[in-house]
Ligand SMILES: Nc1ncnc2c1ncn2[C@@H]1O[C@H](COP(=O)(O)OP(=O)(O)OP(=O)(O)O)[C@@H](O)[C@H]1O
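One chain follows as structure tokens, the form predicted alone.
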């Protein structure tokens, strides 16, 4: 059972006092690797008996972990953090019901869900702490300058950045999922239908698909001032009508970033290499880059 499944199953059993304890642990994790039981007692303003009861409940629900060393401390589990985010989205009338898991990866879990008005959406749970912190820092440039960073903070920051990227590019017509909401490490977006390019063995019009990708990179660059910075066949989705959707934006940079040129070139090289190897479609990278930087008419 995944942490999301645990959170969904447990949510209706939790009481306001349980959420208060979870949020105290969440907040105090910024100062402690393991939140001291004494801090929980002091900040909750509950009785000692009440605190011990709540901690025992949350431990049995697998929403927190207990640690005993020089003191007794607690830390949120992934399910506990999921529970806080899901509860906030439900209370905000963003999510009403969850469906099946659509994908589980090293850095995210993606679920099908419904809004209160019946709209089908995707709920993405960022999981940056699931791989080693050292590897995460190497891969995620936006946290590379921080020496001490928890999985909780990494995942929340990734979600915030992805939502910000979608919010920037979507209004300009870039083919991305519509951003709907976010909370903590979770992003809610319009439903994504299709498969990633690397999963698609054949495409009837690979030249047109490549043109569409490059045009979307151009619009993001020219109109939104944004570079994906992690573009590859793994985060371009091809829908049933053979149109594309670009996903996974937490590593985006703006065009004035010191490494913007290098990152844009890497994005284009990844895509061109894939199309050459998979579909025998060959393009000159310098011409492709020149086309992306060529100003669009009526840029706002």
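Numbering follows the first chain given and starts at 1. Here the structure is a predicted model, which is why all the values come from computation and not from measurement.
Although it is not shown, the form predicted together with the ligand is what the next lines describe.
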The unique member of 51, 247, 263, 58 whose heavy atoms fall within 4.5 Å of the ligand in the predicted bound form: 247
Heavy atom within 4.5 Å of the ligand in the predicted bound form: which of 94, 86, 229, 189? 189
Counting only non-hydrogen atoms, choose the one of 86 to 94, 212 to 220, 192 to 200, 70 to 78 that falls within 4.5 Å of the ligand in the predicted bound form. 192 to 200
Is residue 177 one of the residues lying within 4.5 Å of the ligand in the predicted bound form, judged by heavy atom distances? yes
Wondering, does residue 157 line up within 4.5 Å of the ligand in the predicted bound form on heavy atoms? no
In the predicted bound form, does residue 235 have a heavy atom within 4.5 Å of the ligand? yes
Mark residue 107 yes when one of its heavy atoms lies within 4.5 Å of a heavy atom of the ligand in the predicted bound form, and no otherwise. yes
Checked 110 to 124 against the ligand in the predicted bound form; residues with a heavy atom within 4.5 Å, sequence order, are 110, 122, 124
